[in-house]
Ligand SMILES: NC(=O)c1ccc[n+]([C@@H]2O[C@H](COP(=O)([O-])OP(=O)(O)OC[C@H]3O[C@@H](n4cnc5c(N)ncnc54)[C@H](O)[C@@H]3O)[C@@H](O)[C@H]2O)c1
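Only one chain is given next, in structure tokens, and it is the form predicted alone.
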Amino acid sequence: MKIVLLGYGKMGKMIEAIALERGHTIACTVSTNKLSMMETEAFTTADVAIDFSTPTSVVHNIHTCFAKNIPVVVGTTGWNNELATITDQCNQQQQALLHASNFSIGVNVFFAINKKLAQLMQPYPSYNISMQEVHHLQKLDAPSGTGISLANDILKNNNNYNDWVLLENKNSNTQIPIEALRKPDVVGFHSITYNSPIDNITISHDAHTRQGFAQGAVIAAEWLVGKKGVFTMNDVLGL
């Protein structure tokens, strides 16, 4: 399988190493100072693209992949407001898009646990929900895409809340407060706490390395080739 890497920072390089280990080849890499690579023959020969670029470039990258009939796996976050439009375009043009806020298998199992816990706790409004997410200092968006996904999944499965906000902006008991911290040498940590006067329930996921994100992205790319439509890691993992 020939892979185009859109974004060639730490994650792009890690994805490259894992892809090569799994027997794939890299058709080309595209970074902010090498955008012209998207107009080369090497780019058009790719079987799939993997995007870990930036929130400002990801939508353009997706459009380019659609125009060149290249399935695209997107791990870049911070573009949720464009998702509905992109989904419509993908389906209308019969292209393939797989997007996820986090490709780690462990995190996606954590997503499933979070949904189930939200359902179980709905009858008990005395438990107040709060979230915390911690990432490295270079993380551009706050809260993280993973944090937003966790919060939205709670909202879909527990009608005691109608919104999420950053902790400092909370002004209603129907809002889920998210504390977004940025610290050096942190890969990614997420926790959800249900707090009552009697006891607390907390679930958490602590990533030790980015390798799980990179490996999951390559697995997603392998799965996406030959398909049409819009997918997530739930489809890949059967969750």
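This one's a predicted model, so the numbers in the text were calculated from it and none came from an experiment. Numbering starts at 1 and runs along the sequence shown.
A second form of this protein, the form predicted together with the named molecule, is not displayed here; the remarks below concern that form.
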property	result
Contact test, all of G9, T76 and N102, partner the named molecule in the predicted bound form, heavy atom 4.5 Å	yes
4.5 angstroms heavy atom contact with the named molecule in the predicted bound form for M37	no
In the predicted bound form, T32 touching the named molecule (heavy atom, 4.5 Å)	yes
F213: touches the named molecule in the predicted bound form, heavy atom cutoff 4.5 angstroms	yes
The named molecule contact at K115 in the predicted bound form, heavy atom, 4.5 Å	no
Among the candidates T64, S57, T45, T193, the residue which, in the predicted bound form, approaches the named molecule to within 4.5 Å (heavy atoms)	S57
Stretch in contact, per heavy atom within 4.5 angstroms of the named molecule in the predicted bound form, of 47-55, 200-208, 169-177, 64-72	47-55
Residues in 122-152 with any heavy atom within 4.5 Å of the named molecule in the predicted bound form	K139, D141
